[in-house]
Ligand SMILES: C[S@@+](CC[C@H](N)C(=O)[O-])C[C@H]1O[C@@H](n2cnc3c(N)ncnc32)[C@H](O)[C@@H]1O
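Consider the single chain below, provided in C-alpha cells and representing the form predicted on its own.
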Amino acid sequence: MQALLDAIAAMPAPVDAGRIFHGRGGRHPGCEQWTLDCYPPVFVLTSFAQASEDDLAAIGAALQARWQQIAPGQSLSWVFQHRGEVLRLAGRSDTRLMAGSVPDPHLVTEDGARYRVHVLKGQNHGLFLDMAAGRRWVRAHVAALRARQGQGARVLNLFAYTCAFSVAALQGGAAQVVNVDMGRGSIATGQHNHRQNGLDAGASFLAHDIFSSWGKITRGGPYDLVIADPPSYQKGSFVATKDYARVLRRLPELLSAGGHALLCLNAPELGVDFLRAQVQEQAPALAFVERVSNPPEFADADENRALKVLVFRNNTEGST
C-alpha cells in the first residue's frame, strides 16, 4: 500500500477531475486493488478486493495530512467504494462516505467543460476519467474538420451514457450530435451537461435501445464521425464478444466517405487485436488509422489490457 500513500503525499491541489493513483495498471506491485480519483472537492478511493479497516484508516490519515497542506482550513471529503469480484459481476458496489460531504449537485470540470457526477451511487460516477484523451481527440478532430471543410461535422454518439463526447464535439464546432443510449437517467444527465456548458443547440438525445433503432439512427446520417463506447459486459444489453460485431457491420452505411469511427473497448481480457479483427471482418472498408494514447495517469504495465481507443477511416467509395 506504500505506493498509494506516496502518491497521496505528492498529489497537487486538484482542479479538474482526474485519477491520482492507478494500482489497477499493474505498475505498483502489491497495490493492484487500489485506485484513487478526485472529483473535486471529493476524493473517491476504490478497492477491488476486501480492504481492512486499518488500511482505510491509514489512507484516510494520509489524505487528511495532505489535504491540510494543499487546502489548509478546508474540510476533507472522501468516499470509499468496495468493488470485489462478486459485487462487480453483479453490477453492484458497496459505497460509503468516510468524511466530509458531497455537493448536490456535484459538478466537476475537465479541459474547461463542466459535468455532473454522482459519486455515492453505482459503479459509474457520470464521467469516465480514463476517456479524457478520447474526448480531447474528438474535440480536436471536429475542430480540424470544421477548419478544413468550412462547416461543422455531423457526429453520432452511440452508447452515449451522460454524453460527454457530445459536449466535446460541440465545443470543437460540430454542427449536430445525435446521442443514443437506452438509459433514460443517463440521457437526462447528458442534457444537463449540455446546459451546463451553454450548448443548448446542436444536440439531439434518443433514449433508445440501439439495436432496435437502426432505422431512426441511419436516417439522421450520414455522419462524419461515429463514436462507439459500449460497455464490455452488461448482462441483458451488451456483451462485447458477440454484440460489438452487430455495431461494426452498420458503420459503412452510417459514415460519410472519408468519415471516421472512434471505437472504444475497456475489457482487459480483449486486446487490440480483437477489435481490429472484428472491424476487418464486419466492416473491411474501414482502415485503421491510430490508437489514441490513454492519459498518463492511467499508464498500464500491459497496454493490451488497458483501455483501447482506436480510430478508423471509412474508405468506401461513393458513401454519401
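Counting begins at 1, following the sequence as shown. Since the model is a prediction, treat every value here as computed from it, not as a measurement.
A second form of this protein, the form predicted in complex with the ligand, is not displayed here; the remarks below concern that form.
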Only one of 94 to 102, 147 to 155, 72 to 80, 180 to 188 gets a heavy atom within 4.5 Å of the ligand in the model of the complex; which is it? 180 to 188
Since only the chain is shown here, I'm wondering whether Ala160 would be in contact with the ligand in the model of the complex (any heavy atom pair within 4.5 Å). yes
Asp200: heavy atom within 4.5 Å of the ligand in the model of the complex? no
Determine whether any heavy atom of Asp209 comes within 4.5 Å of a heavy atom of the ligand in the model of the complex, and answer yes or no. yes
Check Pro222 for me: does it contact the ligand in the model of the complex (non-hydrogen atoms, 4.5 angstroms)? no
